[in-house]
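First, one chain by itself: the form predicted alone, in structure tokens.
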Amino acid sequence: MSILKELEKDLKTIIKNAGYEEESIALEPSNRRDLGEYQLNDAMQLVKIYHKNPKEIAEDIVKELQKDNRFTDINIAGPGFINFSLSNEYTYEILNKINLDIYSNIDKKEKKKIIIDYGGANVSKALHVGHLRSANIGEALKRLAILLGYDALGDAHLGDFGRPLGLVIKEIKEEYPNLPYFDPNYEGDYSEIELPITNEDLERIYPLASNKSKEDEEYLEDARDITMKFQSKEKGYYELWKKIVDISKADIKNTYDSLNTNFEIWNGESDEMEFFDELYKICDEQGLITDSEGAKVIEVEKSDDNSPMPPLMMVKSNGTMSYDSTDLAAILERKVNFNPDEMWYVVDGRQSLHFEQVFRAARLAKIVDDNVSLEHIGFGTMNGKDGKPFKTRDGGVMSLKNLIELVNNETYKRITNESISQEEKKEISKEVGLAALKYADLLPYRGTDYIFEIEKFADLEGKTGPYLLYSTIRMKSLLNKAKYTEGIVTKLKGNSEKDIALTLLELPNVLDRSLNTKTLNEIAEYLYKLTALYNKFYADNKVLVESDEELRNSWLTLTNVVYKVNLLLLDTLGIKVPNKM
């Protein structure tokens, strides 16, 4: 139980001792710091139950509060608002408790298993800027869920079994018609074939094949036929498909690694295919599947819908699985293999209709229990200065690799520490660039679009990732210079230290709200607030040369607490902290 929750529990007992019963207490910082650090409005609420003057109730509660040495400056304002502050001694106790165990200030949740789908990369296609927010938000939500006690698993959910792969194989067949994969009489070992294709080739081939398919109907029909062949595991085509997936998946992993995004599950649409027959049988036996112009669909419209709700496409008219059916099969696969309590889908907000169809179909088919939560966590787009989705200078879709490189180059220019070698500078710029990219992406509310400005977000000043890294590294440097190992807070001097302590008490509520709303902006804002408060304290006090040894040790312990919290929250956001910058 967090310190704040313990305090609220004790205040409930104090109110009971005053002769009143209150169901719950939510302690919030006061907006009137001249009256006190906290305000209790419970006397006003208790009037409805006890039919007494609110000031009389407040006076009864104040008498009990005055018996507890944790509270000071206790007063009543207006008709019955109780104000109080925390005593210095109790503040020291709070800081020392957090310093001893940072997790003592976090409220753990009831154990749950959660599958978080936040990948969606397409095999053989370059990851682009549209994949950034899914990766950043999904990874941070997973880390937050784990921090608060959940068993959370990230699923890459690769797009590896649809027509794009049919197009790629079609073009490979055009360019390398003599490969054994295309010989129906080949009896050799496919694993021994040296495929003359790299990931760079795949990234070139897909757009080429896609453009050809738009201009040549016969080419498109061949790609559709090839798609059906590898989906039905026809020898040769299926083996080539597997090699393409392996080549592309390795590159996808490298790109996600550069974003500090880690998946526990690397399933793709092909893995869901294994559950399709069972899924189809379940839906068919319940009479959910109907014919629609040669396709098989599930009607998911409700009588109270305010807008049209198209049916879920189970099987296309050409006999292949659809985007709808693979996501539906994924729910069944996750139910069978993991039996999660919740499934979160961190996907562009423009996919909301698709997920509403899939979730309704899953409920109709009863492939998940009623108590299993299915939630689409949508997000807005990252835009350029023109307010449109971020593009390259020539107007094309920017690859994620190129975006990362652009940010790294910008942060490289900002690192001016002459004691750092060029090689170190290159590595540090990657971590600083990652912080710039992630923090800028997580700072806005996830549902809104935002303008990405490289120069602004790479700045060492202001509300940026590099500012947080620089400040955190400076805390570590201060502790190292002081040769701090351990200590306790026994003395503080000014309001700035108290502001830090009160902000630290807010942490469990910040984490709870972030989990409940599935957004990271409040954690990002909190990190900046805490860091800025510490920097103000640091600017006002010469910690290292302080002659009062007791005060110096207390300040160092305060620094250590903020440093630990910063490390924890930066890691929760998926941001690494370099040793220096």
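Please read all numbers here as calculations on a predicted model, not as lab measurements. The first residue of the sequence shown is number 1, and the count goes up from there.
The next section is about a form of this same protein that is not shown, the form predicted in complex with ligand ARG.
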Inset, instruction - May I ask you to check whether Val347 falls inside a 4.5 Å heavy atom distance of ligand ARG in the predicted bound form? - result: yes
Legend entry - His354: touches ligand ARG in the predicted bound form, heavy atom cutoff 4.5 angstroms: yes
Inset, instruction - Although ligand ARG is absent from this view, report whether His157 comes within 4.5 Å of it in the predicted bound form, heavy atoms only. - result: yes
Inset, instruction - Spell out, yes or no, whether the shortest heavy atom distance between Glu497 and ligand ARG in the predicted bound form is within 4.5 Å. - result: no
Inset, instruction - Using heavy atoms and a 4.5 Å cut-off, decide whether Asn122, His131 and Asp327 all contact ligand ARG in the predicted bound form. - result: yes
Inset, instruction - Heavy atoms, 4.5 Å, ligand ARG in the predicted bound form: which of 319-327, 79-87, 144-152, 435-443 makes the cut? Say which one. - result: 319-327
